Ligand SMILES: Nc1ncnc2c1ncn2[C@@H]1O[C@H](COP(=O)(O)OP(=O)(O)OP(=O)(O)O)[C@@H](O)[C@H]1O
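Only one chain is given next, in structure tokens, and it is the form predicted on its own.
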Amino acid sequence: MPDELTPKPGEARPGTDSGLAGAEIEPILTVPPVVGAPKPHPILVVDDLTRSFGGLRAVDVDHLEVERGVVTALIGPNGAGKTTLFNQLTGFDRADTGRWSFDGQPVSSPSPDQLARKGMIRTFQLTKSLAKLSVLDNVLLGAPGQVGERLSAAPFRSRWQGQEEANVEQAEELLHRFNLAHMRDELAGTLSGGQRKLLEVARALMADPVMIMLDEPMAGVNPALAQSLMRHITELAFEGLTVVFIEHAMDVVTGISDWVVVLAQGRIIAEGPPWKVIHDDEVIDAYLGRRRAGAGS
């Protein structure tokens, strides 16, 4: 992974023309690398969140805060509870216990559509593109508040034509941004796996989120498209979005994340800057099943 993707402590993010982006991530660099550490400007605050399946406690989070405007990676071995946690926070699964707030507002009886309207948008490890719709139409599906979808307004084109034209313009800009403009009128089912990942991110951005949650965005993506997707994720943070993503590849995690949260057996065992977390003995133990030689028995 190119070193230029990883900002040193206190430096601006790569690709910016000034130190403004560095100023935006500076507060997270002052947070102590301890589990449950309070953040200066949290957009998501979670308390006492649990989820069990039979006798297995899949998620058991005492306290978690996600800082606004930074890239947070959620990592952990297979079966750690990462996707289950995503599903709970985004309303695709119901927690057994717990409470959380998003963007300063408490979340009660969460549903995916309600949270999406509040600005919390997620993607899935297995892409959810509609294979028999065009690439453009897939992106347009993400546009919120489309007047033409209402039965009372649909017959009257003058009521929604202007909005539809604006949505098409925005969708085409996103396709150009993600190098999919040449596939505009192709069926989404003809895209490669990596292109479908890009399409999902474009559709998510069409909903104008304040926080985007990506479930293994690099899974099944060839190296060239993975580099492109990493660059796009970094650019989202430049633009002020909060990004939370699940990932297994450590080069991706260290390459683009500002903060890392580590799950093991449903519990958060470590969090902090990537250059600290990847050297944490408990994190290494969770991944390898043993301590490093000389680090303890």
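Quick caveat: nothing in here was measured; it's all calculated off a predicted structure. Residue indices: 1-based, along the sequence shown.
Although not depicted, the form predicted in complex with the named molecule is the subject of the following passage.
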Site test, P209, A237 and L241 vs the named molecule in the predicted complex, non-hydrogen atom cutoff 4.5 Å: no
Touches the named molecule in the predicted complex: R231 (any heavy atom, 4.5 Å): no
P217: touches the named molecule in the predicted complex, heavy atom cutoff 4.5 angstroms: no
Non-hydrogen atom contact P77 with the named molecule in the predicted complex at 4.5 angstroms: yes
Residue contact check: Q125 to the named molecule in the predicted complex, 4.5 Å heavy atom: yes
Interface residue in the predicted complex among Q195, T90, N167, T83, criterion: non-hydrogen atom within 4.5 angstroms of the named molecule: T83
Listed residue (H41, H63, R267, H248) with a non-hydrogen atom within 4.5 angstroms of the named molecule in the predicted complex: H248
Residue stretch of 249 to 257, 30 to 38, 267 to 275, 53 to 61 approaching the named molecule in the predicted complex, non-hydrogen atom distance within 4.5 Å: 53 to 61
Sequence-ordered residues of 190 to 212 touching the named molecule in the predicted complex, heavy atom within 4.5 Å: none
